[in-house]
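Encoded as structure tokens, the following chain is the form predicted on its own, with no partner shown.
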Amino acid sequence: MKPPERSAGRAAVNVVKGPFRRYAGNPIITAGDLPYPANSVFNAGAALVDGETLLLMRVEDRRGLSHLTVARSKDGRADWRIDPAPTLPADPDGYPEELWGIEDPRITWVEDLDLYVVAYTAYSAGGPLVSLATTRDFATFNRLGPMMPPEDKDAAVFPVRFEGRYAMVHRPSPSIPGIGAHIWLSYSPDLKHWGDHHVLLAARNGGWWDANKIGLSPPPLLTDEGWLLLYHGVRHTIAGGIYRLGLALLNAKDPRQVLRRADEWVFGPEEAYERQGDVADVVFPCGWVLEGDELRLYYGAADSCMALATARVSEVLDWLRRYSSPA
């Protein structure tokens, strides 16, 4: 029997061991879908806003510099409505830390502020650093400025306070070879002054898939068992780096306590749109949304397009228990 035909450039759902299933319509957004010229679109923050899924996407223009643009969809899968111009362009005149663009946003709804807090990477003359902005409508933004000195990125704010303090996950990169780039946790009384820094999750050593360099992916997600953490690890090979994803679980009341960390990666580049692009072999999510028990993971693929994978939270927690031991 002749197999059913597939649309050009579209991959079927990939059956994998892990809980995440690729959407059959991947990639969901490419540069050709944008209403203005661009080189690529990838690494989007995500949120549920007014009954729709909103993506705050990193768009790289044809100079090589990035800005952020909003896309909206009623079902979070298709029929994306994209802003006709950059939603949040870099502002190097007012904020010199944005000289070479802004990248990789993570979105958190902070209830006691009644605001979305967007953590993003500002690319300064001194290197990338963590900046914050707030918004209610994703049309106007209030920049809070840089929070950490270079080099630092992969940041997100928790949606709740811990003993009266805000908390942020981020990833400084040491300049000393061999030290490793680890995930850190810091606290603030006001979202401006940060301290009480801790290494939260250390990059492993040797031949591990997440040796030497790791970083946060989407913002931490609160579950019945604790804060679910999805992070990326970089495996350096003779052909270049491979970006894969791993899972950890943090204590719900004290996120400094790592309860579990899986040994194996849970999701990695397999499809052509993940393995071929501006940067090969990359899956890089900055956002996920939860509706009921369905978790929708939005990720940049090969630094070239946006893709979607789905899972049940219960399946993700079951997988984490199976492939980890208590920390």
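Sequential numbering from 1, following the sequence displayed. Source: prediction; values computed, not measured.
Just so it is clear, the following notes concern the form predicted in complex with a small molecule, a form of the same protein that is not shown.
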Triple contact flag 109, 227 and 296 to the small molecule in the predicted bound form, non-hydrogen atom at 4.5 angstroms: no
Stretch in contact in the predicted bound form with the small molecule, which is absent here, among 22-30, 44-52, 277-285, 254-262 (heavy atoms within 4.5 Å): 277-285
Close approach of residue 210 to the small molecule in the predicted bound form, 4.5 Å, heavy atom: no
Proximity of residue 315 to the small molecule in the predicted bound form, heavy atoms at 4.5 Å: no
The small molecule contact at residue 244 in the predicted bound form, heavy atom, 4.5 Å: no
Non-hydrogen atom contact residue 97 with the small molecule in the predicted bound form at 4.5 angstroms: no
